[in-house]
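Okay, here we've got a single chain as structure tokens, the form predicted on its own, with questions on binding and movement later.
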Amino acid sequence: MSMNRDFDYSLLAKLTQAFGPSGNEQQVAEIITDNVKDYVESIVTDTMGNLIVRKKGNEQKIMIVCHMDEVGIIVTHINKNGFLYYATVGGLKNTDMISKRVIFSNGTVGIIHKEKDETIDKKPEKLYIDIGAANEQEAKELVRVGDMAVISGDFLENDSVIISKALDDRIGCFIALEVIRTVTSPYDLYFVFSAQEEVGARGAKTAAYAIEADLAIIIDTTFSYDTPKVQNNRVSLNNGVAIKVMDKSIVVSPAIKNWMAKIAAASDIPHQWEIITAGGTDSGPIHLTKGGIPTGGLAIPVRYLHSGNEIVGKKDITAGIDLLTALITTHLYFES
């Protein structure tokens, strides 16, 4: 298959720039709904905020999962001078946050900085947000304690890569949307756009329990190990979609990962192996649901995860779309 197919990335731009920290995924869900409603039989939002889209089929039930939420911050205190203090929502490093711009759902923008002469490695309470307010009262007219914000990061692209905030995991959502609009499959497909993955893969757990799929395929992002002075014989940009072998939350069945690799090789889809010892995805709780659900994962390599300036390769996006399509239109791993 071609590694250089063109896609309309304006939809990905909309997805990435939508406001969607954990538990506040509604804007993302609305964009997805608008883009799938003509291609599916049902669209349901469950109690957790998962968006579950079904393309009915007559054979086994397959659950394809990608998460809508992005990392963010939540305001915990506003001081008398109008500066905001916060806690993180998902995996954000304090050292990555200095001078970052954040945006609230109402459009209020702030800059993160640290108190003078403070070390910040283990002291998140020493970071604050400056929204340009003169005092506490003025700040509270714009932002309240409990409000969330996300890192600001514009959508940019060139011939080979895309740069944006929230590519983790709006790139997975984009891949799923492309497949929904183009695939014809004999299987009963449940596309789950999950909520609250960044705070413990919570939405996926309830969705998996409700659907009871015969197979789950997770589409998420993974670390790209190709930056200077980083071990570069592991997953890297523009070398293909990564097939999950292991992360902190799952060891994938050899039958599933080998099936995925066999289909990729047969279809000439570039692929690589994902083996990480830190972090997890929705695959963790899904494969442990009820009596256990057979679960595999596809991942798109990303540089600078959770930084607001993530980078993905277009060849990897194409490979992800191609492999997901092939997997859900061919014999499953347990079929002869």
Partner chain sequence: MTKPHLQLAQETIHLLAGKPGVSGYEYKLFPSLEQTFKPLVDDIYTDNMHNCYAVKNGYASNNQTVMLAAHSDEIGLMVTHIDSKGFIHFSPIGGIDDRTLLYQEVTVHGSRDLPGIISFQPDQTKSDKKKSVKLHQMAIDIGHSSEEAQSLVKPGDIVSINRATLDLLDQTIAGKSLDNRAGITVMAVCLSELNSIKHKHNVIAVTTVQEEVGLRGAQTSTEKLNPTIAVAIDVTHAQTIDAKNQVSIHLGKGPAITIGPNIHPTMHALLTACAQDNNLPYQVQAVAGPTGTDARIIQLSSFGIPTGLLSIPLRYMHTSVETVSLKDVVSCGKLLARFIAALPDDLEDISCS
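Positions refer to the first chain, counted from 1. Note that the structure is predicted; figures quoted are calculated from it, not measured.
One more form of this protein should be noted, the form predicted in complex with its partner chain, which is absent from this view; the next part is about it.
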Open item on the list: Counting any non-hydrogen atom inside 4.5 Å, which residue from Met260, Leu177, Val143, Val252 sits next to its partner chain in the predicted bound form?
Closed with: Val252
- [ ] Check each of Lys114, Arg202, Lys100, Arg234 and return the one that places a heavy atom within 4.5 angstroms of its partner chain in the predicted bound form.
- [x] Arg234
- [ ] Report whether the minimum heavy atom distance between Val245 and its partner chain in the predicted bound form is within 4.5 Å.
- [x] yes
Task: 4.5 Å heavy atom contact, Asn58 to its partner chain in the predicted bound form - done: no
Open item on the list: I'd like to know whether Gly308 contacts its partner chain in the predicted bound form, with contact meaning heavy atoms within 4.5 angstroms.
Closed with: no
- [ ] May I ask you to state whether Pro294 is within 4.5 Å of its partner chain in the predicted bound form, using heavy atom distances?
- [x] yes
- [ ] From the candidate stretches 296-304, 270-278, 60-68, 36-44, select the single one in contact with its partner chain in the predicted bound form, where contact means a heavy atom within 4.5 Å.
- [x] 270-278
